[in-house]
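Shown here is one chain on its own, the form predicted alone, set out as structure tokens.
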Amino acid sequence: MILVSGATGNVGGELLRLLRSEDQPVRALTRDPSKAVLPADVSVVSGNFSSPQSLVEAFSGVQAIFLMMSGQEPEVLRQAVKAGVKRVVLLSSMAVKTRPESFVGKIHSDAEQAVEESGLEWSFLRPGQFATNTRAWAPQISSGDVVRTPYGQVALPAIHPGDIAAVALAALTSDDHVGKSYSLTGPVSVTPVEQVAAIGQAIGRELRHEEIAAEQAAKQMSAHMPAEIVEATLEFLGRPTPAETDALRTVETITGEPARSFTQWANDYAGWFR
């Protein structure tokens, strides 16, 4: 039995689909099962990382966990060990290596340390930019043909959530990845200008990109994100390190399939923008 946290999210949802296609027993963890829209054959349990005691039922009979970072890792992992869990695959961040002193780098590094100290078998997945981050543009696209962002010509190798999930599947089900950390990217770096064009093509509209100042973007983002996350995000988007712009072949090496392009992601998730 594999427990998937974040099962209603982008990566977790893709991982559930892959596990089901492999006929792997899987359990989805969610705060409110009554609100979770999941396949009927998926076992759904309630639990909240902020209350580790609530995870006792979720961990029962589980051999491996796909773990989203919560900030509560030490106690969550103690509960997992007590329940007899053997393996954890943590969704971490490339920032652990590329920006270790940043807020994002530190919180993910702390999570990784807790996993290492738990005594469980572990693997760390460290993606860079998620293709799904562009979902934040949906309100602009629904109200017009212009997407406004800063740093329109800065290219990053955004990764399809299905490719993160494919690597997670391998790490959860094979001993080959125990004790290993994987930086994950898409197959080629793309700019926001190119991303907007790809989304437009996927939904059959002529969209265009318009550059805005980072300060304006920060003001907009601050309405729904903590200040330290806003600062870290804009730093990453506007001044990436060489390692953050490098398109890696890790996905292909582990899964045997090339990482999917941003254009493929736009086609797969076009419904978000219609």
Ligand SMILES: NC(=O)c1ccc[n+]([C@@H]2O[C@H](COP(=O)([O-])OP(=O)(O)OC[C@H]3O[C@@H](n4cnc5c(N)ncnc54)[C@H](OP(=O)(O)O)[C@@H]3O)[C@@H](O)[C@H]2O)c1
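Fair warning: this is a prediction, and the values are worked out from it, not measured in the lab. Numbers follow the displayed sequence, beginning with 1.
The protein also exists as the form predicted together with the ligand; that form is not presented, and the subsequent description refers to it.
J.: Based on heavy atom distances of 4.5 Å or less, which listed stretch (189-197, 166-174, 147-155, 90-98) is in contact with the ligand in the predicted complex?
T.: Of the options, only 90-98 has residues within 4.5 Å of the partner.
J.: Sort through Trp137, Phe130, Trp122, Phe103 and report the residue having a heavy atom within 4.5 Å of the ligand in the predicted complex.
T.: Partner contact (heavy atom, 4.5 Å) among the options: Phe130.
J.: Please tell me which of Arg31, Arg205, Arg249, Arg239 lies within 4.5 Å of the ligand in the predicted complex, judged by heavy atoms.
T.: Contact with the ligand in the predicted complex is made by Arg31 alone.
J.: With the partner left out of view, is His160 within 4.5 angstroms of the ligand in the predicted complex by any non-hydrogen atom?
T.: His160 lies outside the contact set for the ligand.
J.: Taking the ligand as it sits in the predicted complex, is Ile2 near enough to touch it, meaning that at least one heavy atom pair lies within 4.5 angstroms?
T.: Judged by the heavy-atom cut-off of 4.5 Å, Ile2 is well away from the ligand in the predicted complex.
J.: Quick one: does Ser50 come within 4.5 Å of the ligand in the predicted complex, counting heavy atoms only?
T.: Judged by the heavy-atom cut-off of 4.5 Å, Ser50 is in contact with the ligand in the predicted complex.
J.: So in the predicted complex, is the ligand close enough to Ser261 to count as touching (4.5 Å, heavy atoms)?
T.: No, no contact at 4.5 Å.
J.: Among Gly61, Ala64 and Val85, does every residue place a heavy atom within 4.5 Å of the ligand in the predicted complex?
T.: So, no: the whole triplet misses the ligand.
J.: What residues in 220-253 sit within 4.5 Å of the ligand in the predicted complex, counting heavy atoms only?
T.: Counting only heavy atoms within 4.5 Å of the ligand in the predicted complex, no residue of 220-253 makes contact.
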